[in-house]
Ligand code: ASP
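A lone chain, given as structure tokens: the form predicted on its own.
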């Protein structure tokens, strides 16, 4: 799915344009539309975050920004496509925590997340919530754990596919409880959510950007949030720690990437636009309504982004290896 944002027509002196933009191939950057590739389906959490920041980034860059959904293989199809793109700043990747887990989940991964990309900056860290279908029997997180234990052969856990945040949250649930889940993988969050709402699957764990509205609308049963403390938008929702699962804590971070070799000036221009977008009041308000917030400005940097990617890669590797999960 493609959607186009155009920066407002603002007259700016040529000297200011040149000072704010980068010279690539003898021309000012950007001189044509920029595509942000989203590795998951339209309407999912990562797509939602991307579309929120695309418009203010377009305004800052004074360029058209296209959001393109390229699904498949837990985000690796899109990431591989961007890794192979021209390093000119016109093809950008928005990815989440799956960028840190792909090297372990996919032994034959065709790219190295740390070597084949330049990091532009972090965007947001999103809490996750455990939710159940409207007619699922358990009403609390404690009841959910007991129910899964007693009905392990029949309870279905939905996720958005290998490498998706919902699958990773399921792995943490198994580690924290010692239970095995019957996973039902989907090609994206939206179809998984649709089947959950229709009582076709029993429960799932997904980002607040996708679950807040159905929770507040009483469309699903809500069990717990995966943060150390309760969140402002869902104050009545207990934490996983309150349910005795102190080790089941995870947030889903998002960041922007460009192919390795992209000129430093171009990365800087994109980073400046991202930082401006994350200070846009509409973006702040919309993210807050979805149970999250922009990362602090001192973390909207390539350096902070690379450090987090490295630490998260090291964190998830043993968890995935112990679970014996691979995409092959």
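Since the structure is predicted, the reported quantities are computational estimates derived from the model, not experimental observations. Positions refer to the first chain, counted from 1.
This next part talks about the form predicted in complex with aspartic acid, which is not shown.
Of the candidate stretches 81-89, 185-193, 171-179, 135-143, only 185-193 has residues with heavy atoms within 4.5 Å of aspartic acid in the model of the complex. Shown without its partner, this chain lists 101, 166, 240, 208 as candidates; in the model of the complex, only 166 has a non-hydrogen atom within 4.5 angstroms of aspartic acid. Residue 160 is the only one of 123, 160, 94, 120 with a heavy atom lying within 4.5 Å of aspartic acid in the model of the complex. Contact check for residue 291: no non-hydrogen atom falls within 4.5 Å of aspartic acid in the model of the complex.
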